[in-house]
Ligand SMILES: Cc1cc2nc3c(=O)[nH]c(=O)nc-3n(C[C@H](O)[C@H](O)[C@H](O)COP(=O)(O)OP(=O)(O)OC[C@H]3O[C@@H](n4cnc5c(N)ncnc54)[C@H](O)[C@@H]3O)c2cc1C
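This document opens with one chain alone, in structure tokens, the form predicted on its own.
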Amino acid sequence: MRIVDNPCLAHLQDNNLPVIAIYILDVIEKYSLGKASLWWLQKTLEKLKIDYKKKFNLDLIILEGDASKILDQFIEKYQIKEVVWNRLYSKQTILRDSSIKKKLEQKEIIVTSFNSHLLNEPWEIKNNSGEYFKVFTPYWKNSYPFFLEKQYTYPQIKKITPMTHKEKFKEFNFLPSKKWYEKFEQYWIPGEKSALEKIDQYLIENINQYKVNRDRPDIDQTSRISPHLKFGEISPRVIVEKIKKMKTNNDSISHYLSEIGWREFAYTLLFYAEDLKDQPINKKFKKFPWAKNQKQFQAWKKGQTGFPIIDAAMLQLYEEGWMHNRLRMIVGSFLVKNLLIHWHEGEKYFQDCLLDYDEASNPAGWQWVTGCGADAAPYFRIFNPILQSEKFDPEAIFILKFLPQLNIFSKVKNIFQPWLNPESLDKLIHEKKYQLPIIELSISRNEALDAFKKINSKINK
């Protein structure tokens, strides 16, 4: 969804090929997006269509349907000799794209594809045994230098030659019927221009404080570039090149780059794991005794658990279509280790609500917090929401932003633990403004540890 650092466009420009540009929303893409991110898709395509017309006088044709059938129709009608795309990495997209490529090549049509989404292809980074890395730190130590050695430079796209066609296509509309996404416009501006401006501003103003502030949702000095990366409005290569041009290096910059590394690592797992979204990398977790408690799951989704940091985070997700990374870990741990609800349930809900839902990063993150993924948090690491509040939202600024009714408590510790002031909490409960905790933390922690102990010996074998 961009012009800057788009190897497809560079190829077309270098070879002076006449172009028909098509975006196809097929069932695989639609399934991987979720309802919230369909809003972003709609907005970014609207802007890309305008950019293509303004800069190249090129019509971007936007369609929904079976990618293979739609391509066949265009190839036959316009006697197309070459098809060009940027690669995707899920099992489903690889299967589809490989099938399309094979079929086109049998018709003697040239198929050219590129890496546009990652610093390195997943298969380029291997350990000494020739296998993919399953631990992040050695992966990144090998991956980042490998990228730098390429001395990558991206060409300027100045001229794309449109292929003549007189077809008119109906207006596209990928928006879901539920219009709760309309509030996203208060918080986000999709599109390549916004992505480039946002990263430039962040590198000037905040990146040098990243290490100190990255875990603080009350300060919120993360770059919020993730939805732009997800939709390809900016490439990780452009971000790295901009950082290199700063000619400074410190712990904050290294930490920020490592977050790009985690995204790369997640795509390696997506490419090599059996099924990152559905199957735990640690197979022993297939026998984990997950609970099925719809009442507690609904309370978690709606931000009605009685634990303010959890509830505020879930309300942020529903309001903004985004959640601070530290909070993703806290609410994830609460769901799988306090409520013992399967990580699949949380992963699917995040898919529906997150604007930056990523088919690699999101399931990899859920597997990490559960303890069943590659380089995962140990099974006994259970985030305590009260301690996390005290450490990362010490004045309850973030909590009060989404739960202003908790201002009734004069002491910050009571905002973190409303039950310590039963009189005020009873008032909120009577007014239906808040609720008692749905679990007792210490009991749920012990139950989680007992459940994990049942498979502990199997996990460590």
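Sequential numbering from 1, following the sequence displayed. Nothing here was measured: the structure is a model prediction, and the numbers come from that model.
Absent from the display: the form predicted in complex with the named molecule. The rest refers to it.
Interface residue among Trp262, Tyr132, Phe147, Trp290, judged by heavy atoms within 4.5 Å of the named molecule in the predicted bound form: Trp262. This chain lacks the partner; the member of Leu203, Leu315, Met329, Ala377 within 4.5 angstroms of the named molecule in the predicted bound form by a non-hydrogen atom is Met329.
The stretch in contact with the named molecule in the predicted bound form, judged by heavy atoms within 4.5 Å, is 349-357, chosen from 349-357, 124-132, 165-173, 275-283. In the predicted bound form, none of the heavy atoms of Ser235 sits within 4.5 Å of a heavy atom of the named molecule. In the predicted bound form, none of the heavy atoms of Leu71 sits within 4.5 Å of a heavy atom of the named molecule. By the criterion of a heavy atom within 4.5 Å, Phe114 is excluded from the residues contacting the named molecule in the predicted bound form. Using a 4.5 Å cutoff between non-hydrogen atoms, Tyr210 counts as a contact of the named molecule in the predicted bound form.
Although the named molecule is omitted here, in the predicted bound form none of Phe334, Gln435 and Ser444 has a heavy atom within 4.5 Å of it. Contacts to the named molecule in the predicted bound form (heavy atom within 4.5 Å) from stretch 209-225: Tyr210, Thr222, Ser223, Arg224, Ile225.
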